[in-house]
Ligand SMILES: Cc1cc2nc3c(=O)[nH]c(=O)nc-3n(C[C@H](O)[C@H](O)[C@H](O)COP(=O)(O)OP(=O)(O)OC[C@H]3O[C@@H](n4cnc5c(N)ncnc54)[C@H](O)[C@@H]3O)c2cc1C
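Given next, in structure tokens, is a single chain: the form predicted on its own.
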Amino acid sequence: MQIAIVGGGWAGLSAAHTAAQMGHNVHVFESAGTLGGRARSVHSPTLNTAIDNGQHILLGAYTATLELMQALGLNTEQSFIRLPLSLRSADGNLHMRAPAGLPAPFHIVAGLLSARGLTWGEKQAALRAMSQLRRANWKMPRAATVQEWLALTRQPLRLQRLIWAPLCVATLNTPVNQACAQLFAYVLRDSLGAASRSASDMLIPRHTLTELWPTRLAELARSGALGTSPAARLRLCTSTPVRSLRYAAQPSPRLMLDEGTELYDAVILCGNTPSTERLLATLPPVQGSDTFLHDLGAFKHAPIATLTLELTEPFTLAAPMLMLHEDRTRGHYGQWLFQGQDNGRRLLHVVISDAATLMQQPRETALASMIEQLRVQLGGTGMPAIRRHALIVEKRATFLAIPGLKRPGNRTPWPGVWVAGDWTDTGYPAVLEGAVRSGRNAARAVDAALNEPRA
């Protein structure tokens, strides 16, 4: 069967790999020149090197992503820096690390009890909240925000500021006063509450995001080594935007893209919600289509910024990832600091989630404030002078994970048209694992539908 996939991000490429493995002839259309979507590497003219358009980490609980990489013949242990659950602030005042040798969930308990920088009361409060969640089978009060849950479990304000708020923003990309508590509970369940200790491990890519696995998929596609049948083929078309869909007159419901003549048995749309809504609106209305489009239009998006600094001298952080204390009144927008992937160890990456306030500031003012933030919080580490910098802002990097948000499944009301993306109903927030799972599930659903007996 012929399947078109619009969007070459992690959802689209996951769908493409799954569909090709099932024996379908798959065409992927990506508007950008590089595969990966909102998790790709780009060439920075200022730094004259490839950097990611946003810094990402994965968790050991991200089984679909790890299985996909292994299916592509990649060694996941070599692809990531694997850290047992660890949380360390740049100023050194907060340090929590799960000790070796203990099974789950005792490694989390021991790590929290031995954490430096928290009072005994704060440690007890955090353990009490996790224990209550586990006893409630990870169910939150209906329509509650994370802020409301923190109040219900009597979490000290300092603990909220030091631990819970950064974890919420890092996982849901949504401030605690807006973030969906139930979605946050699912993340805690699959990482801190998992039966496997490795589920809570943090995986930091050793390569740029495009090199992590999309490049390998493209190599296998070119060599024809993906499909399980002679008819299967995967073709990746970059710099190829798709602006409309239409049904062929005969045989229905086969589909065509733009003014092309190629017929497809199914189309999977793997862009963000605005682009998906625009494409679906080019099709004739069907029963339920107005509601579907309305639900897509209800998503609200937030920008994420990444500031990359090139230093004049090599510099090694105390850990590959450090937490920064945010203070927006001082222009200290940075939340996480990462060691760069360059061999010379001259690159640092600062991540700013919910970056709308940052975007309202003059660029040079914001840059100066964040450099001040690093120098203050890194203290006496002797960070070298900054030679060059690059700031990348993904304006629609993520959707706001608010309570009551209606997230669709993979099927649409239009015959032969499916959707995939981290914004579909994956049980995860806007994370890479959600995108991979959504793409895989969409391809499986399409395969099942195409193989149904005809009436």
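Each residue number is its position in the shown sequence, starting from 1. Predicted model only: the values in this text are computed from it and were never measured.
Heads up, the form predicted together with this ligand isn't pictured, but that's what we're talking about next.
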Full three-residue contact with this ligand in the model of the complex, heavy atom 4.5 Å, for 16, 280 and 447: no
Touches this ligand in the model of the complex: residue 275 (any heavy atom, 4.5 Å): yes
4.5 angstroms heavy atom contact with this ligand in the model of the complex for residue 397: yes
Non-hydrogen atom contact residue 3 with this ligand in the model of the complex at 4.5 angstroms: no
In the model of the complex, residue 99 touching this ligand (heavy atom, 4.5 Å): no
In the model of the complex, the one of 253, 379, 241, 121 near this ligand [non-hydrogen atom within 4.5 angstroms]: 241
Option from 409-417, 426-434, 42-50, 66-74 whose residues, in the model of the complex, bring a heavy atom within 4.5 Å of this ligand: 426-434
Residues within 4.5 Å of this ligand in the model of the complex, restricted to 10-30 and counted by heavy atom: 10, 11, 12, 29, 30
